[in-house]
Ligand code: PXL
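As a starting point, one isolated chain is supplied in structure tokens, in the form predicted on its own.
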């Protein structure tokens, strides 16, 4: 019997809006991966929706601690540890504990350093929290920041985001910590009408870029969708370049389908009908 890869997925869960665990779970399952969620919080809807007094937000830090204790007692091991949104410094400490206790030599640690987007830091992230996140990413074998997060990790102003391939290759080299880890930066664009990802592959020691047509809209949750497909591809044994190309292509197709359907932007992209392409 072939081994089914097992992933510990540290992320929030939103009842409405295609993002975080509501995207990660079905995508990894479709790609033949057992996803073991470690929820950081449960929300009635993702944070871009209006938040009246009845909106629900349940911090699960205590439950995370209990889960780690239970997993340790069960002697669980993971082929990958994937982290997304973290809500507090205490949760950053718990992610560090997860990595320390459950990482094996061959375990891939993929961190999506969710801190901001479109040049702005999320309101829940203080400068100290951003600094702690930057320190924690040094534990990762692969990071997947967007352009805003890449600038934060490097201590650069967002206006300095590279617009040329040579400039992005310089940022990728710096983000790789001298070649010690792999990096995928999302939202990269050098020419009008195209967007994609810039990659540094630690194993092969080389740069690559995966680009696709840029659709005329921006949706919440596409970063989570990208990271999930990327991770699924890597756990299938694809090189970083192939997994990144698969993720870029899949996200573009999902965005194009959603635009054609003209569904609300806040709902996220319609990835469900296209999951068969990941089988």
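Here the structure is a predicted model, which means the values were calculated and not measured. Positions refer to the first chain, counted from 1.
The same protein also exists as the form predicted together with the ligand; that form is not shown, yet it is the one meant from here on.
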Discussion item. Taking the ligand as it sits in the predicted complex, is residue 19 near enough to touch it, meaning that at least one heavy atom pair lies within 4.5 angstroms?
Written reply: yes
Discussion item. Residue-level question: is residue 220 within 4.5 Å of the ligand in the predicted complex, judged on heavy atoms?
Written reply: yes
Discussion item. Just checking whether residue 85 would be counted as a contact of the ligand in the predicted complex - the rule being heavy atoms within 4.5 angstroms.
Written reply: yes
Practice prompt. Flag residue 29 as yes or no: does it have a non-hydrogen atom within 4.5 angstroms of any non-hydrogen atom of the ligand in the predicted complex?
Written response: no
Worksheet item: Want to guess which of 184-192, 114-122, 159-167, 93-101 is within 4.5 Å of the ligand in the predicted complex, heavy atoms only?
Response: 114-122
Discussion item. Can you pick out, from 241, 47, 63, 252, the residue that has a heavy atom within 4.5 Å of the ligand in the predicted complex?
Written reply: 47
Worksheet item: Which listed residue (33, 234, 43, 248) meets the criterion of a heavy atom within 4.5 Å of the ligand in the predicted complex?
Response: 43
Worksheet entry | Neighbours of the ligand in the predicted complex among 142-156 [non-hydrogen atom within 4.5 angstroms] | none
